[in-house]
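Heads up, the chain below is alone and in the form predicted on its own; it's given as structure tokens.
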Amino acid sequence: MTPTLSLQCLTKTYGAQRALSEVSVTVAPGERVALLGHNGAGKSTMMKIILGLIPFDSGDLQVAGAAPGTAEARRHVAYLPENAAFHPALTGLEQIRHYLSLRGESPSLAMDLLQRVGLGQAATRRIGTYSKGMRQRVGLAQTLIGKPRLLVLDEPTSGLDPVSRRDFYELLDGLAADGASILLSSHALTEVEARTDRILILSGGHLVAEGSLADLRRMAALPITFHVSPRQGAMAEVVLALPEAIASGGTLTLSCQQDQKLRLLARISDLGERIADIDVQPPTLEDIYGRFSKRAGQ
């Protein structure tokens, strides 16, 4: 399958500062990819190059099979910045009609786009009366014009309430199911770990980790935590069986590496009715991100 986005050994420098160093990434049709990194890691530079806004120094980049910034590439790409700005005197409906006209699409599609992002009832209100979250939805409606093959989203849920964030990711899931590729930059790690297929971690312009959440957990080699709750009266027996556990408030806490998980789980299960509950906590994306960023710094 031909990738929607392909970067090969992409390098970009600003004077003596190297913003990207030989970064290679591919994004397949229908794939949802999260781009993570600290401020100054190279995320914004990478997105600007993909959009054709700035040149790169060396390497190769193809966007929907075309060079970035060309008419062919732009026809297939949509972009949503962190802080979307629109004319405050226009209504949401008027703004989207305007963008549809600019793209050569029928303005009659505007209401449908606004309804898809949850702005149907506010379509005839002036954008100047919208909250930040509502303006962000106008921006999302604008990105859907023309059925783009690649969506580049920079902190897209900024300003959205929890329900709106859930609806936003459900919309992205539908777009991906229809074949659209999604490159999403976000600091909201708890959101992206459950709603993306693959994760890229940039640090100092280098791609320091890439893979699914399960892949990154194996690569990070962080411990898995077990919280074991013995039944009433069984604490002493359970402590004897699990001497490495740390007791706190009626709960025992144990940790182990990934390859020891099943062995430890079997030991706990052998205690049978003496165990009331087990809570298994794998490393979070925040833990994993911190580990790779620390390694890159070292």
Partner chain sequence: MTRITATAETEFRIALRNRWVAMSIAMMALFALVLSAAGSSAVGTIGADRLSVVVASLTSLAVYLVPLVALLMSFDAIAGEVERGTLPLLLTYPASRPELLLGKLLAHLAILTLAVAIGYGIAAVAALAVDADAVAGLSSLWRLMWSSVLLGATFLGIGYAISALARRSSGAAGLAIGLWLGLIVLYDLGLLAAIIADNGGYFTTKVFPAALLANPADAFRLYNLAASQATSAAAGVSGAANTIPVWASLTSILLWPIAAFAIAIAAFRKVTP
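Residue numbers count along the first chain shown, from 1. Everything numeric here is computed off the predicted structure, so don't read it as measured data.
Unshown form predicted in complex with its partner chain; subsequent notes refer to it.
- When its partner chain is considered in the model of the complex, only one residue from 189, 213, 145, 219 comes within 4.5 Å through any heavy atom, namely 145.
- When you look in the model of the complex, the only residue of 194, 163, 177, 89 with a non-hydrogen atom within 4.5 Å of its partner chain is 89.
- Among heavy atoms of residue 81, some come within 4.5 Å of its partner chain in the model of the complex.
- Although the partner is absent here, residue 53 is a contact residue: one of its heavy atoms lies within 4.5 angstroms of its partner chain in the model of the complex.
- Contact check for residue 121: every heavy atom lies farther than 4.5 Å from its partner chain in the model of the complex.
- Contact check for residue 99: a heavy atom falls within 4.5 Å of its partner chain in the model of the complex.
- Although its partner chain is omitted here, in the model of the complex all of 75, 94 and 103 have a heavy atom within 4.5 Å of it.
- Checking 67 to 75, 154 to 162, 195 to 203, 180 to 188 against its partner chain in the model of the complex, the stretch whose residues place heavy atoms within 4.5 Å of it is 67 to 75.
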